[in-house]
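Only one chain is shown below, in structure tokens, and it's the form predicted on its own.
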Amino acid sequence: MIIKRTELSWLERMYFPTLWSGLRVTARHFYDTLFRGGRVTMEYPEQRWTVPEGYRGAPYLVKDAEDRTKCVSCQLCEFVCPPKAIKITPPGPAVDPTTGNVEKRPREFEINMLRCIFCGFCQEVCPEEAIFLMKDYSLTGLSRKEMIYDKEKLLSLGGVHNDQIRKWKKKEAEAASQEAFKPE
């Protein structure tokens, strides 16, 4: 199939209409900045972008109220991650008696932030609510190695989550409250 192109006029070949529309936008921004005091650019380190509700930022690990890792090394987040950015090394068969309710903690937990697509699947699938997507959009590093966050860095950035109720208990409580308010 051959598609015949229309011939451009002399004016269109000189690209004057396109050039003129670009200059018009530039002149409008210049006028707004100079006379109306409007700003087009944001001075980034001093001014921060207001993050909208539902923003999916970088995933971080959180600790519980007793300053323990909430992750139980179930590896669901590793399996569900589309770009395979999460790598978990389980601790092995030995159980640590100091971990409280948690049977096992990960020996190593890494998230490669260069591969992460911030989809939020890891947060959704986590049964212990150990991973949260923070409203962080400024991820920087001087090398690729710096962008691979290990367990200590993820825990320090994630902080402490004081919620004592597990995810499945919340869902049961929500279902019970909805049934209580059902009209008969």
Partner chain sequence: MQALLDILTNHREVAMSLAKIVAVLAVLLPMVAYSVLAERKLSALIQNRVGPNRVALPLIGGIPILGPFLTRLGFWQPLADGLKSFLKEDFTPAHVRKAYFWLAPALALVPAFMTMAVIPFGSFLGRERMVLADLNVGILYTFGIVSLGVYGIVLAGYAANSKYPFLGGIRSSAQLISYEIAMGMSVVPVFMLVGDLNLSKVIAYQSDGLTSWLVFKQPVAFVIFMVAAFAETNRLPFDLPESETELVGGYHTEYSSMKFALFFMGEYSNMIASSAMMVTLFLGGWTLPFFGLNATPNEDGAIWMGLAHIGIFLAKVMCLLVVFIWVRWMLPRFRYDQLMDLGWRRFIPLGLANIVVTAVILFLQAKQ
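C-alpha atoms forming the largest set that superposes within 1.5 Å between two forms make up the rigid core. Residue numbers count along the first chain shown, from 1. Everything quoted here is computed from the prediction, not taken from an experiment.
Another form, the form predicted in complex with its partner chain, is not on view; read the next lines as being about it.
In summary, the region of this chain contacting its partner chain in the predicted bound form, judged by heavy atoms within 4.5 Å and restricted to 130-138, 29-37, 153-161, 48-56, corresponds to 29-37. Although the partner is absent here, T41 sits close enough that one of its heavy atoms falls within 4.5 Å of its partner chain in the predicted bound form. Annotation: Cα of E152 displaced by less than 2 Å between the shown form and the other one, core superposition.
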